[in-house]
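Here you get one chain, nothing else, as structure tokens; it is the form predicted alone.
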């Protein structure tokens, strides 16, 4: 009667070995280093968010997951618009990406670039932290990446070297650098400007030489890049679009980690996202908006539009909004409009 018992023990041992194998096999599948793509480095809230995420991941995974930052989209020779495709293909392991830069590949991300959709920070939060944000994460998941958390580049305010801009007519003929998005080209064309698409690396010398008159970017970028030194002497606070950022991981990389490590990376992203959003809004949400005083102290004229002045820009860009609504997805835009209308101020 001993023989069957031995056989049973052998089967049990083999089964135990089979169960143990996946865990053992996972160790070699971890890379020594993971590559995170960023448009901006740690001098900016965006890059700082990447640094915070990487540090938290290292700590939460006891050093099993080490991340190296590649700012300036350096893994893609600086081409921001190729970042999402590269992430999906595994050229990049993870990224904190701009909804604008990824919108050519994921049309729903154009939602955040719809002119004058989000009037305040509460409106951004109503979208990213609510049902609309979940829908967008589902879309990204189906597109082949794993979205984990939201960050923020911020409201894109207008600057130029010529004069204060208070009305759409003031933009007439101004050469404005924009990112590579057809929606941005449509918006600035509707306002009578001459939108010029170029990378950020090319834009700064173009401002200095006067080849390009102006640009639109969050104020944290204006100050960190010292744009007042390249003739950007006039800023208009118009809050026409904001640029949420998204923390994502390549799907194959994600699936190569243990469930516990995945959860650690997700939690690290959520925490880093919160900290990064606070950095992006610093000086703009406090009483008196101290960042504007700081910028004025650099010899820059800051124009804050009255509600009536802002409405003239809203009206001028309404045809663009209406044209893009079906392209983004009418249901998604309607859901966004409802969430914003119901927001708590």
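Here the structure is a predicted model, which means the values were calculated and not measured. Positions refer to the first chain, counted from 1.
What comes next is about the form predicted together with a small molecule, which is not displayed.
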Counting any heavy atom within 4.5 Å as contact, can you tell me which stretch out of 49-57, 304-312, 281-289, 33-41 lines the small molecule in the predicted bound form? 33-41
Selected contact from 170, 157, 125, 243, since only one has a non-hydrogen atom within 4.5 angstroms of the small molecule in the predicted bound form: 243
Would you mind picking the one in 113, 196, 101, 161 that has a heavy atom within 4.5 Å of the small molecule in the predicted bound form? 101
Contact at 105, 136 and 140 by the small molecule in the predicted bound form, all three, heavy atom at most 4.5 Å: no
With the cut-off set at 4.5 Å between non-hydrogen atoms, does residue 117 touch the small molecule in the predicted bound form? no
Contact between residue 266 and the small molecule in the predicted bound form at 4.5 Å, heavy atoms? no
Indicate whether the small molecule has at least one heavy atom within 4.5 Å of a heavy atom of residue 153 in the predicted bound form. yes
At 4.5 Å between heavy atoms, is residue 254 in contact with the small molecule in the predicted bound form? no
